[in-house]
Ligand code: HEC
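Single chain ahead, by itself, as structure tokens, in the form predicted on its own.
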Amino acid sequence: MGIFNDLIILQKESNIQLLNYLLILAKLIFITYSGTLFGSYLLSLYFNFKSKKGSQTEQLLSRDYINLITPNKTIAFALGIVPYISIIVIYAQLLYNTDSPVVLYLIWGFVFFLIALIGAYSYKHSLQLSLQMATISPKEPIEEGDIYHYTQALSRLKARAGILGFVFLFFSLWILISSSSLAVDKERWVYADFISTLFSIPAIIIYINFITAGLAVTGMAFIVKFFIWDKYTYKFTPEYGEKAQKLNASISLFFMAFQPIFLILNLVLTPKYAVSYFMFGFALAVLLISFYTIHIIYVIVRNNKMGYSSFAFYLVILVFFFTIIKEQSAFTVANKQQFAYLADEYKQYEEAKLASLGRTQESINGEELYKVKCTACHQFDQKLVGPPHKLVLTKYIGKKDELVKFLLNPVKVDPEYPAMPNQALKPKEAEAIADYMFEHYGPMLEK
């Protein structure tokens, strides 16, 4: 991260919170887009390989899958490139001045993603051209050898571009997912190299979850795109339409069934210091919506109720959305101290800037903060809602930094008392309260 520090603009506390929200938005856009791109690309390659036996239906499926998420390059730029760059920039801001290699890995992932897009669009155009060549009956006589060699060269280009692009896409998304997983597990920052980051168990589990979710959303997106949104412009035979809709609903149902399993595995593998009630709340929402979505898609497959496809599609997107919020909640909780440090760095920068202009900020009054934040639940030598501070301070003699950390992020310590609510203190405010407590009550401890 050191090479990026000179490019970072220090942010105040409210902006740090805003960056977390923007990271959720950027990930929602990119993960949904890239998941659908992955699923449609994989299925297009699969049916293109099967179509070598001469099946026209499989050729059309191959064409339609790659057209699903690559209608034009503007889509790739708006839903792929811009959100990925945003993710890199936001992580660089939030992980400023840490040992985390997350941003460096994400940059490599972005380079792979750009190559993957080039491969995907090259594959798409060569596939369309080969399908056109197969249906053209030339009016002028052309040597059979020329046609044969041209179509063979086109077929090789299609295969190479398709496979190469998909390989780069596979690794670029693996890097993104594993880097996001590493950002949550801060204890691994010091020793996590590139290979161990990719092959960590949480990263592999989350990536497989991403692949299955991407295939689930691809199935529903195919039906919605071609048979609902474009039903007046998309030309297809009744036989092809019935087969394509049934196939994609079945694909979506099969891969959607894995989501509850991966959700539970993900919760088990989340570091304890990243867990919160907020995260569990969204995990429960993901679980309930997943089961309901599975039921809706089952009705579509079982009773051929394709009219429900739009509803099922939006439910799958909602599962993506809540899953991303759940993951970002874990990231936020795990990096509370880092965000407090960033806010403090900004405050110091602001104070230095004001001092250079001959202005000063008001000093923080620890006594006033103590009376506002603490006296409702604590007294020095009497038990109220919380323990008396006479007992508390005894534990922190010579450990002021630990008291400050507790004030910034309180946790349940004594089972006889309820957990102390987070007072949303800034680092300097927590330090001022700790100083006041030791200065005011410290002499009383010796009596």
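For the two forms, the rigid core is made up of the largest set of C-alpha atoms that agree within 1.5 Å on superposition. Note that residue numbering begins at 1 and tracks the sequence as displayed. Everything numeric here is computed off the predicted structure, so don't read it as measured data.
Missing here is the form predicted in complex with this ligand; even so, the following discussion is about that form.
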Given that this ligand is not shown alongside this chain, does residue 49 nevertheless sit within 4.5 Å of it in the model of the complex, heavy atom to heavy atom? no
Whether residue 129 contacts this ligand in the model of the complex should be assessed with a 4.5 Å heavy atom distance threshold; does it? no
May I ask you to state whether residue 421 is within 4.5 Å of this ligand in the model of the complex, using heavy atom distances? yes
Is residue 42 close enough to touch this ligand in the model of the complex, meaning at least one heavy atom pair within 4.5 Å? no
Quick one: of 299, 285, 228, 377, which gets a non-hydrogen atom within 4.5 angstroms of this ligand in the model of the complex? 377
Looking at 243, 188, 160, 373 here, can you tell me which has any non-hydrogen atom within 4.5 angstroms of this ligand in the model of the complex? 373
Would you give me the residues of 316-344 that have any heavy atom within 4.5 Å of this ligand in the model of the complex, in order from first to last? none
C-alpha of residue 389 moved at least 2 Å between the shown form and the other one on rigid core: yes
Taking the rigid core as the superposition reference, indicate whether the CA of residue 423 shifts 2 angstroms or more between the shown form and the other one. yes
After a rigid core superposition, would you say the CA of residue 16 moves by 2 angstroms or more between the shown form and the other one, or not? no
